[in-house]
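Starting off, we have a lone chain in the form predicted alone, written out as structure tokens.
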């Protein structure tokens, strides 16, 4: 399996980031429960987390008694995730060329990484190739129609080395539908809403990290978007 020069540059950026920052800048493990709940992950299902990083989603998924697999292009991330989760199958891989047989996984997650993929269409087709009939997918993607992203664009401070990108809600919707996915649900990223509950209550109110928090903000303005999808039109949760 190979990576292009540009992919290696992105991998090098992540290697340095994970080596210097470790886990301190990541959201807590409990914030990943919502993705697993939205997917209705069942015991003994096979779950693949693409761009798994340090394994936070996989760590949360250990409570769901499913078979865990993770891949990432950063070898530093893989080493750290393997040390933390010795019972999971975690390996280095290029998402454009997944090292798995056809129809292997029941569930795929890819959180905060699709906007960094160089050949997004190929990545999405690879995901479908390695999943079973009626597999479920959860993607967390960055929205370009936000004040934060517009400031970055105006000031020219996007992370070009790490291939940081963003697209609008409509653009993401069109991409997924054009690639043959059916969209089950779209929600705003839940972690900022969870943090808002804690902030407003001065930490006194308990947050249910497994339930959806309603937002009064238009979803088109959410910094990140959660998409729940599958690729068989006759399947329903």
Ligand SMILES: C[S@@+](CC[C@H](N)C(=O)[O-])C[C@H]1O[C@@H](n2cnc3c(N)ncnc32)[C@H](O)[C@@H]1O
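In this text the structure is predicted, and so the values were computed from the model without any measurement. Numbering follows the first chain given and starts at 1.
Here the subject shifts to the form predicted together with the ligand, a form of this protein not shown in this document.
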Which one, 69-77, 146-154, 127-135, 99-107, holds residues whose non-hydrogen atoms are within 4.5 Å of the ligand in the predicted bound form?
69-77
Decide whether residue 165 counts as a contact residue for the ligand in the predicted bound form under a heavy atom distance cut-off of 4.5 Å.
no
Given that the partner is absent here, does residue 18 sit within 4.5 Å of the ligand in the predicted bound form, heavy atoms only?
yes
Considering non-hydrogen atoms and a 4.5 Å limit, does the ligand approach residue 10 in the predicted bound form?
yes
With a cut-off of 4.5 Å between heavy atoms, is residue 39 one of the residues that contacts the ligand in the predicted bound form?
no
So in the predicted bound form, are 52, 95 and 117 all sitting within 4.5 Å of the ligand, heavy atoms only?
yes
Can you tell me which residues in 109-139 come within 4.5 angstroms of the ligand in the predicted bound form, by heavy atoms?
111, 112, 113, 116, 117
